[in-house]
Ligand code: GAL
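Shown next as structure tokens: one chain only, the form predicted on its own.
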């Protein structure tokens, strides 16, 4: 649904908001009278725990940034829905009842939560869609360039196939949850690269992004196609890639086909090092999370210039047009780029990646 197209090479380095001076932007205090001081409460609703990024990166980064921006007076009220949309609706209603100042919402089900978004607006609480574009009258949106994520994945899979790529080459697509609008954008981006270049022999929308569901889907694909006839697997994220690999190994596959992923989870990075997973997509969680915190604080405090500087893009949801947005760029993580992505940005150390189990593979690629 996005209305803008950013011209950027898929292999380009991840955009740094700080490098652009945006994260440290300060609105002119005379441009607006702050609605609130530093004693603010930011409600943070995250969707699930299967993906380790939410508790490990998003929440602590947002909490720290809100504290920094408010002289440690601001706080974050945090709730995780564990992939339960009804539970998230209740969590959001509680935040409305508690009269938080602003809500950062990463929706389990972007459509189902629209009613609560409307209730928040009616209560005078702005809602910023975080990572996933929720429906309803949201105030702003911050996420990664999701179609580019799919393009990077699709292009990387073709690179891995090399001369083996062709219209007779069969691949399996393991897409994300049908309730997540990001999954549709990842899929669309991947198909823009893959269509006409390989044969998509089986495609699945994976409920709740769960690795066990991906494993079951992959087992069905293997039964239908035969393990030896699957040249590659498009997996929309790392957790599902792990499920795909389990299914292939259970079928007796010892030489794994190239498999994509997303999120640069530690175990996935280690699988990339070991050659089990071909790639992941590295998304700078600090850039996204810090931008979200900055947007939330500036919105509540009435710093319009600062807010506008952070939301120069525009996107459409099925219910709302021209949503002020920030789309953060991404890059491919392969054996060749681990140093330049997760290690360079301090997400992981070499020691965390190169445990004794992976020491030999790390040495082989110069990761010391």
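These numbers come from a predicted model, not from an experiment. Residue numbers count along the first chain shown, from 1.
What comes next is about the form predicted together with the ligand, which is not displayed.
**Student:** Quick one: from 334, 317, 51, 70, grab the residue that has a heavy atom within 4.5 Å of the ligand in the predicted complex.
**Tutor:** Residue within 4.5 Å of the partner: 51.
**Student:** Tell me, out of 145, 116, 290, 180, which residue has a non-hydrogen atom within 4.5 angstroms of the ligand in the predicted complex.
**Tutor:** By the 4.5 Å heavy-atom cutoff, the listed residue in contact is 180.
**Student:** Would residue 282 count as a contact of the ligand in the predicted complex, using a 4.5 angstroms cut-off between non-hydrogen atoms?
**Tutor:** The answer is no: residue 282 has no heavy atom within 4.5 Å of the ligand.
**Student:** Does residue 186 reach the ligand in the predicted complex, with heavy atoms at most 4.5 Å apart?
**Tutor:** Yes.
**Student:** Would residue 132 count as a contact of the ligand in the predicted complex, using a 4.5 angstroms cut-off between non-hydrogen atoms?
**Tutor:** Although the ligand is absent here, residue 132 would touch it in the predicted complex, with heavy atoms inside 4.5 Å.
**Student:** Applying a 4.5 Å heavy atom distance criterion, does residue 260 contact the ligand in the predicted complex?
**Tutor:** Contact check for residue 260: no, nothing within 4.5 Å of the ligand in the predicted complex.
**Student:** Could you tell me which of 161-169, 189-197, 79-87, 261-269 sits within 4.5 Å of the ligand in the predicted complex, going by non-hydrogen atoms?
**Tutor:** Of the stretches listed, the one contacting the partner is 261-269.
**Student:** Within 227-246, which residues come within 4.5 Å of the ligand in the predicted complex, counting heavy atoms only?
**Tutor:** Stretch hits: a single one, 237.
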